[in-house]
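Take a look at this one chain, the form predicted alone, written out in structure tokens.
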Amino acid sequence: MKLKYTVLLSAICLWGTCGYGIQLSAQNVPSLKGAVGDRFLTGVALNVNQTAGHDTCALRLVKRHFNSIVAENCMKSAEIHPEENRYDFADADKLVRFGEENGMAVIGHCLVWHSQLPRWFCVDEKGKKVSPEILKERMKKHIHTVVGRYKGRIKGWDVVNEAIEGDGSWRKSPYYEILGEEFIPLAFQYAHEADPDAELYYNDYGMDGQAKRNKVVELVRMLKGRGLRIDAVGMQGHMGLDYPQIEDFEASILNFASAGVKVMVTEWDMSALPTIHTGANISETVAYKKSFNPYPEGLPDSVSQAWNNRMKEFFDLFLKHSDVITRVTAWGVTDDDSWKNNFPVLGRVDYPLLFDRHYEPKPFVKELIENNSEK
């Protein structure tokens, strides 16, 4: 059904009728990136259906409203390096090409992550953990190959993703189990070797928590103390109507800036549904319950208003700290694209993104565009 819906909307888009955000062609039509101006990059994650050109409405919307893009999945190691001696750059090449053709800052996501990791990467032919020396060599080859392919074409890379638990301890990932925390500085070293001009980032979720915040500050200082490059910390913006507390999120922004790095709000979305699980591990599911999917046909006005008010509050926070925030990236183009649908239970319909299923801006976005766009 989703594919048919997307194809239908794409056909309608060809006639210029699929949304406030893209129906006009004049160069001075107000846009989200115009409203933000040069305060920070206005980013969005694209899926492979979009980079392949199948969702033309989404692409026209992206061109009008955003000046930075990142791959949702196609640059993750399981997708781009499925077998030891085989890489698949087809989808990643399309993403980078789209960004270049439209003058956008392209962000690479991500080089080292315990999830969506190809099965072969950390084990031998018998399924046993490889030695530290072998894992170092595999990491180096993977990072050099991927980063090297796009040298000079990608603005910055999420080098390491989600290496810290909520309690501030190191995540016991396959990388950690074999190399300990040393895998992190090694990843940053290899990335810098492959493209000395590319910005390098550490990216994680739940960054409002004090324990994780302190550990990230420790990590930043450790990398800098070793003379390694780290330009920014990516604060994944996976939010809900009841988390995080805006004061805690702001405290982390200030703490990371004080450690000597910039801040990026990455993977921004806000669930409009009752909170089930605040983590971002896509492998976790719970049994489906009807109460977990309360609005399959659309949000009540009261919930929509609460969502818009809270999103505006956070966006105002980002603008307030635009001296240290360099990019804010929505994790998907429209509500229909979001990973929050069917998560963490099948059939769940969510409304977490800046544009709705009809490619229309949400009320707070529309207000922002109309009140602040460059004339």
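If you're wondering where the values come from, they're calculated on a predicted model, not measured in any experiment. The first residue of the sequence shown is number 1, and the count goes up from there.
Note that the form predicted in complex with a small molecule isn't included here; everything after this is about it.
- Only one of 217 to 225, 122 to 130, 256 to 264, 158 to 166 places residue heavy atoms within 4.5 angstroms of the small molecule in the model of the complex, namely 158 to 166.
- Each of Gln116, Gln236 and Trp339 comes within 4.5 Å of the small molecule in the model of the complex, counting any heavy atom.
- The small molecule in the model of the complex is approached by Lys76, whose closest heavy atom lies within 4.5 angstroms of it.
- Contact annotation: Asn203 falls within 4.5 Å of the small molecule in the model of the complex, judged by heavy atom distances.
- Using a 4.5 angstroms limit between non-hydrogen atoms, Arg213 is distant from the small molecule in the model of the complex.
- In the model of the complex, the small molecule lies farther than 4.5 Å from every heavy atom of Phe40.
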